[in-house]
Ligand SMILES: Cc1ncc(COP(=O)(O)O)c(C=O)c1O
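Consider the single chain below, provided in structure tokens and representing the form predicted alone.
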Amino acid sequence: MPLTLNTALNDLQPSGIRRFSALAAQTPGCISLTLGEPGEDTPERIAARVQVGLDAHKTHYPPNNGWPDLRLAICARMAATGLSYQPEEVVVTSGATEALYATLSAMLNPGDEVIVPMPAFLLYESVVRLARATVVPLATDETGFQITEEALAASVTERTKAIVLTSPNNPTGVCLSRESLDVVARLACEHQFYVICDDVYDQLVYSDDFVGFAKAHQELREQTVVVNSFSKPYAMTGWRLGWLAAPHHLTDQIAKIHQYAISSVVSFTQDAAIEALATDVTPMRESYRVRRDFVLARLARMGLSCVRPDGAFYAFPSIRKLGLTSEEFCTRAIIEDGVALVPGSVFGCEGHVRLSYACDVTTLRWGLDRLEKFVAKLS
């Protein structure tokens, strides 16, 4: 028998975000505004809990789905946002990435379809394709990155198994409006498909009227999966800790994928996760708000239009008037002026670039100075 590999890998490309981050790293002096990673370190009070776990000899296998006290703390954190789950309905995962992988792998059969509003984080399409299913892109760039009933209805078929919602969104920072959420709810109810809520930025929201899908439409609890992460709000990207919550009939099956993929997350990090959940992220969120306003003002000065982000730490300005593809724009920005962004094409939306303002203010200012110089040259 020929030594072949999984054919689903044939057209799967490495992360475009990492590709431009690598190009930036290889370019001396380049300022990178590419990664969605807080520039701050994990707060010391959180990191110190690892030693507590080690001193307590938590170096043995934990329960597959996480220690009960951590799952209880997660339920308390979700209850504070209006969501009611029991510890038995929570799986602690290796970041939101593994939570999404386990969820989609548990749901999908070959030939199923998953609707993904675009632009979107590239992970969704990759995982869906690995499961031998199909992504149905739902373009939102002409509607302010909101979901309309007409567009969503046109995307639904008899093979639709799920829709993935990210609010606040990566790469736009836009929060889905109540109207968008209601549209999804009506069609999910009518056509009976799952709603996967990637809520990793739900603590980094700058508007007072934000509501997530799971809270807004608790009548659809039985077909909703909520995914979240410690990475963004607590500056814990390297810890690889996240979770998912769903009704028993879903978590019981998703947990099988989780168990056979990684068994469990690291035992002695879970006390630190409990500490993180008790940490007030308001100072970090307000810091990002200041950076967001600074970025929007600078982009306006450059003449680049940008839908106002109400969460996360990204801006997604349009570069259509400059006459370059997003790939050309980002490549030249690195080579010619030493500033790195991510092409919108990576997120399924040409004509835009993603700028991350998760870095420190000084780096951000220098990066924007270089971007302004580059844009002025093109203009």
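Quick note: we count residues from 1 along the sequence shown, nothing fancier. Bear in mind that the values here come from a model prediction, so they are computed numbers and not experimental data.
Omitted from view is the form predicted in complex with the named molecule, to which the following refers.
- Only one of 173 to 181, 93 to 101, 149 to 157, 295 to 303 places residue heavy atoms within 4.5 angstroms of the named molecule in the predicted bound form, namely 93 to 101.
- Although the named molecule is omitted here, in the predicted bound form none of Arg77, Tyr234 and Glu275 has a heavy atom within 4.5 Å of it.
- The closest non-hydrogen atom of Arg240 lies within 4.5 Å of the named molecule in the predicted bound form.
- Although the partner is absent here, Phe145 lies well away from the named molecule in the predicted bound form, with no heavy atom inside 4.5 Å.
- The named molecule is not drawn, but in the predicted bound form it has no heavy atom within 4.5 Å of Tyr288.
- By the criterion of a heavy atom within 4.5 Å, Thr166 is counted among the residues contacting the named molecule in the predicted bound form.
- Interface residue among Gln270, Thr251, Thr140, Ser229, judged by heavy atoms within 4.5 Å of the named molecule in the predicted bound form: Ser229.
- Val200 is the sole member of Ala246, Val195, Val200, Val114 with a non-hydrogen atom lying within 4.5 angstroms of the named molecule in the predicted bound form.
- Residues Phe121, Tyr124 are the members of 109 to 137 with a non-hydrogen atom no more than 4.5 angstroms from the named molecule in the predicted bound form.
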